[in-house]
Structure formats: C-alpha cells, structure tokens
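Next up is one chain by itself, shown in structure tokens, the form predicted alone.
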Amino acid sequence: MTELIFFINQVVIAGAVLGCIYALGAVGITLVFGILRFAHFAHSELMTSGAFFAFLLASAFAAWGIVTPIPTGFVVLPIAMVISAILALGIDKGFYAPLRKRGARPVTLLIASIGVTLMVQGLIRLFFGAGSYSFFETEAKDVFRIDLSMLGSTRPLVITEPQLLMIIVTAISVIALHLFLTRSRLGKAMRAMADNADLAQVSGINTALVVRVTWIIAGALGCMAGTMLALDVTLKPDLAFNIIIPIFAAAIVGGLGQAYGAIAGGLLIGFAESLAVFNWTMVLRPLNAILPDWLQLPATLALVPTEYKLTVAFVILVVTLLVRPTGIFKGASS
C-alpha cells in the first residue's frame, strides 16, 4: 500500500496537474487553429503574460492588506483573464488581422506569431527582469497530508491546496467550455466556422465576431493555464515558452481544431511525462526479495531522466504523426 500511495503522489497527482495545464493551453491553440488556420506560437506568451498580470494583481492585494481564504492567485484570476483576453484581441488587431486582410498564407501568420513571441517576451524581461517570482512570497502554501495508516500505508497522500484548486478549476472550465460550444448559438457558430469557414460566412454567420470570441477564449484560457503553472512552480519570463512544444503536441495528438481532443491530448501528455520520469524501483522494490543478486533492481529505474522529460512529448507527437496524422478526435491533418 505504501508503494501505491507513493505512485499516486508522484504520478497520478503530478500527472493530473501537468495535464490540466497542458489541456488548457492546448485548447487555446486548437481553437485558434480551427478558426484561423494557423499555428499560434505566441500562445506561450499569452500564458506567461497572463501569469504576470495575476502576479501583479496578487501583489496589489497583498500591499492593500487584503487576505483571502484561498491563494490570492486564484482570487484575482478572473480579472487577469479579462486583461489577457484584451491583450489577445489587441495582438490580433495589431498584427494578425492586417495580414489576413492582405491574404497572407498560414505560414506567414505562423512566422509573425514567432515574432510576437519574441516581442512579448522581450517586453516582459524589460519590465520584470530575468529573475523568478513566487505567488507565495507573502502567503503560505497549504499542504494537505491525508493519513492512510489505517490502510497499512506509512506514507500520507500529499496534495497542495493550489494543486487541488487547479484540478477543480480545470474541471469547471472544461464543463463551461463544453456547454458554450454545444448549447450557445455563438458556440455552434464557432464549430461551424471551424468545419467550413466559407460555408459559415455564406450561411450568415458573423465570422468577425467568431474570430474575436476565439481570441477572447484563447487569451482567457492561456492566462488560466499560465497562472496555474506559476502557482505550481515559479514565475519567470520564459515560464510557458519552455513547454510550448508539449502543448502543441497535446493539440496535435488530440486533433487540431478539436477542443475536446486538446483536453484529452493534454491529459495524455501530462500523465505520460509523469510516468516516464517516475522511479519505478520504488514500486517494484518488493521484487528484489525473489530476484537473484545479479538481477536486483537499480536504485533509480526511470524511462527517461527528469531533465529530458520533454522528449516524451516529442516521441508521442512523432508516433501520432506517423500512425494517425489527424489525431485522436480526427482534427485537421498535421
């Protein structure tokens, strides 16, 4: 039982948290691709800037002496999401919309998004420097340790308050997104435009409004994902830039243009990375009693070292492109 609890702490909880972050980030990328047909590499900077917006608001709350029952980062998250949505609309209006009016190809928009990535990251470094920040400099991070000794385990089940809130907030966001896409008129218009933009426009759908709403959702979810990542680790200028490849892998594995596929792909990549870096010796250690001396398990038995965790996303991405280019939910061909 002790080994099982260790597995849950290191793989199930860690994989769920990482999967939630990847899923929310991938939804923004796949919505932009589904509506505008280009890979938005600057989505990582929407995540990072959103996290910095939330950090500034949380710092302001601390300076004003406002005490909240849950981590302040979650309290200010709705405000930060609104600011990030406005930033996403501004980026589209200032950079991508003029290119679309000129009939720019998707590859041109992709290259422009790389330029936006460098520009936004440079601005973040200009104002905040290259150092790291923490949401918990002025407040403590609560850690829940659930005693399971009655089940024969010597280890408690450990989860932090931010991790628990991340899972809950992600579940609520996924349900809200599902209801929006399936029940609202605007959500159905987004799905119709993702399937066939020309037909949607001929049918009378306000495609300009759909594009604006797409950026609003992408910016808001990007802010949510970035803030949750910063709450789990530390906030720095390249916070989300380092994980943009796994997020893109999640979107492609799930099926480009498919919101549900992005969620599934994000969770898949998250759990796969956690399983790959897990030290399996901790679980398989009882086998040493029956194994001969020359076949004893090593002290560390992981599929990949922790520093090479990102290779897991690459492997899954390559296999998906070779076996099922359209992804799990049959999105646009990759």
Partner chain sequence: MIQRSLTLFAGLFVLILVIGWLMGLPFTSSRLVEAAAYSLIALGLNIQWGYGGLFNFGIMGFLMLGGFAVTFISYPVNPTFWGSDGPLMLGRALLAFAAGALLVIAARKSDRIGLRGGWKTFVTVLAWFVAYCLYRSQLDPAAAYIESAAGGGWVGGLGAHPILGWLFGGVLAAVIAFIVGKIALGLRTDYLAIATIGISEIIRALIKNMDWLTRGTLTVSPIPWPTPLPQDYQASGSDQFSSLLLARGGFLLLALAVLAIALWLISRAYSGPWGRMMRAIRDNHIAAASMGKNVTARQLEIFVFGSVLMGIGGAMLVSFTQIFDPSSYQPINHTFLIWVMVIVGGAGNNWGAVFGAVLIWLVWIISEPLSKVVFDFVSMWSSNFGWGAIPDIEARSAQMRVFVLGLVITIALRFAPRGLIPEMVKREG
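Numbering follows the first chain given and starts at 1. The structure presented is a predicted model; accordingly, all values stated were derived computationally and were not measured.
In what follows, reference is made to the form predicted in complex with the partner chain, a form of this protein that is not presented.
Residue-level contacts in the predicted complex: of 173, 153, 163, 121, one residue has a heavy atom within 4.5 Å of the partner chain, and it is 121. Listed residues 248, 215, 135, 74 were compared with the partner chain in the predicted complex; 248 is the one with a heavy atom within 4.5 Å.
In the predicted complex, the partner chain lies within 4.5 Å of some heavy atom of residue 307.
For the chain shown alone, residue 38 is a contact residue for the partner chain in the predicted complex, at least one non-hydrogen atom being within 4.5 angstroms.
By the criterion of a heavy atom within 4.5 Å, residue 183 is excluded from the residues contacting the partner chain in the predicted complex.
Proximity of residue 144 to the partner chain in the predicted complex falls outside the 4.5 Å heavy atom cutoff. Residues placing heavy atoms within 4.5 Å of the partner chain in the predicted complex fall in a single listed stretch, namely 107-115, out of 194-202, 221-229, 75-83, 107-115.
Along 241-263, residues 241, 245, 248, 252, 256 each place a heavy atom within 4.5 Å of the partner chain in the predicted complex.
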